[in-house]
Every structure is written in C-alpha cells, then in structure tokens.
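Given next, in structure tokens, is a single chain: the form predicted alone.
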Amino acid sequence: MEKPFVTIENVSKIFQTRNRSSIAALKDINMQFGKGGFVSIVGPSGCGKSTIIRMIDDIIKPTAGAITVDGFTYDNNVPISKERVQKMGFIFQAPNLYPWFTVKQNVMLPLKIYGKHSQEYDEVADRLLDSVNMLGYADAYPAEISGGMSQRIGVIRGMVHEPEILMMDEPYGALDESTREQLNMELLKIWKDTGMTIIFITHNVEEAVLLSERVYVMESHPGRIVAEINIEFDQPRTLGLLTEEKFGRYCMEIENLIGKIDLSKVK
C-alpha cells in the first residue's frame, strides 16, 4: 500500500477567546491524503474545515496531535521551513488581486516572493493563463475583468510556483452555478496535467462529488470526521455526471450525514 503523502493524526484544536474561555474547534481529527489525489472536505459552517488546511499550511498550530507531510512531522513549537512552505499552494475564498498589478503580474507574485522569477516560470504563468482562457487578458488590470475571471486568476496564482500540495478554501463559493461548473472542469484538467495533491474545502455537496476521489464529511461543535466516502467515477469527469443516478445517491448520502445543512448551498 502506498504511503500517505499527508497524514493528520489525532489532531485537536482549541482556541482561546479574549475573555480567556476556550472553544474546541476540532477534536481527534484523523485524515490521510495520497500523493496526486483529489480529496474534498465538506460540512456545515463552523465545523473547522478551513482550520484543518491552515494547520497543514502551518498558518495555525494544532493544540494536540501530529501532522506529517511527505515524511516530515511538524514540530508544533517551530515554524516549518521556507522550502517546505513552497511545496504548498493556498487559494482563499476571495481572489484578493492587487488592483495596481496587471493580471499576469498578480499571477506571478508568488514567484517574486519565493525568488523564482525566471524564463521557465514566466512560461509556466503563460501556460496556466492559457489553461483558463485568460492569456489574452495578461496585460489587463483587475478592474477590467469580471468576477469569474478574477477568481480564475486567484486560483492559478496559487499554482504558479508548482506546489506539490494545493489547498483550496471554497474558491468558487461566491460564483454563479454556470461559472462555477466551468471553473471546476478547468480545475480537473489542471489537476490531471500537473499531478498535484489537492485538498478542497466546500459547502457544496455536488461540487465535492463531481471533483473528488474521496470526501471527508464533518460535523461541528467540536469539528469531527463522521465519514470518509470514496467517490467511484472514471476519469476524466464531465458535467454529465450531474444527471446520473449514482451521483445523486452520493449527494444524498453526504447530505444525510451532514444533517442540518443549508440546502441553498448544495444546489
């Protein structure tokens, strides 16, 4: 059996409030992510989905438990090295583009931060822009493109330094259904082309089933894993899956596990 690329073992997280009370955000989380896999985490708001990927990225330290990435176990008292940080890409809910930078300059910002600006990475940026049909807008400014286009730029910016692990925190939540479906298909193509390990956070059950090889389902107060579901569809995935009976069964199973979910966010 292949050794997991990312392992989360018995991880808990307790936050301290300003009045010194404690909030148990996560309790006894156990997860494994294989190299080159696509796994989603779903659950109601406040269950700790985003906290999990922020701990993998070392933005937040766990209160207890261990996180291991590519054979390296984090020391909860010491930040991980810059070299290990560069193995990861993080995509937030909003694209957060700098308005005074062009589209391409925004995409290439991580390369400047990591000191990786070169002709090779310039070509990587162009290839990613082309993969989401944005190469023709490389010299445009954020104010000159649509919200969907901005979101595309935010996504590929997290990939431009060619990370081994890409963590995505509800990147398409604010977009309309048609745009979101189009971007999901683009994401699947990029994933297959690059071989990255993708950990995807979403409220949208259909989105999780469409994209993922495996889905972790969480409950809240405190955040816990209630199920791990393998999604057995052949690659490449297409939007035609949305009408298949098997697809509907997966969605219903996950919705039932989540329980009190906002149904407006699973359509």
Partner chain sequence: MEKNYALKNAPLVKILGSGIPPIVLIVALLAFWQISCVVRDIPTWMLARPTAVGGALASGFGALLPDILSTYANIIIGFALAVAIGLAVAILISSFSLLSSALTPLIIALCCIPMVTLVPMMMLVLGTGPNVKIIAIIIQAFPLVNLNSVVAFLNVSPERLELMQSLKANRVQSFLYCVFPDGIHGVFTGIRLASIMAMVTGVSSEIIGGNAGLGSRIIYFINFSKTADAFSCIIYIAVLGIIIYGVISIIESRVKW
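For clarity, a rigid core is taken as the largest C-alpha set superposing within 1.5 Å between two forms. Since this is a predicted model, take the numbers as computed values, not measurements. Residue numbers count along the first chain shown, from 1.
Quick note: we don't show the form predicted together with the partner chain, though the next part is all about it.
- Of the listed positions (P163, G173, P110, G148), a single one reaches within 4.5 angstroms of the partner chain by any non-hydrogen atom in the model of the complex, namely P110.
- This chain appears without its partner; in the model of the complex, the one residue of H203, R224, R214, R54 with a heavy atom within 4.5 Å of the partner chain is R54.
- The stretch from 183-191, 118-126, 97-105, 131-139 that comes within 4.5 Å of the partner chain in the model of the complex, counting heavy atoms only, is 97-105.
- Shown alone here, F72 lies farther than 4.5 Å from the partner chain in the model of the complex, counting heavy atoms only.
- With a 4.5 Å cutoff on heavy atoms, L239 does not count as touching the partner chain in the model of the complex; it lies far away.
- At the 4.5 Å threshold, heavy atoms of M196 stay clear of the partner chain in the model of the complex, well away from it.
- Taking the partner from the other structure, the partner chain in the model of the complex has no heavy atom within 4.5 Å of any heavy atom of A64.
- Of the residues in 133-166, only R157 comes within 4.5 Å of the partner chain in the model of the complex through at least one heavy atom.
- Annotation for N96: C-alpha shift of 2 angstroms or more between this form and the one not shown, rigid core superposed.
- Core-superposed comparison between this form and the one not shown: the Cα of W191 travels less than 2 Å.
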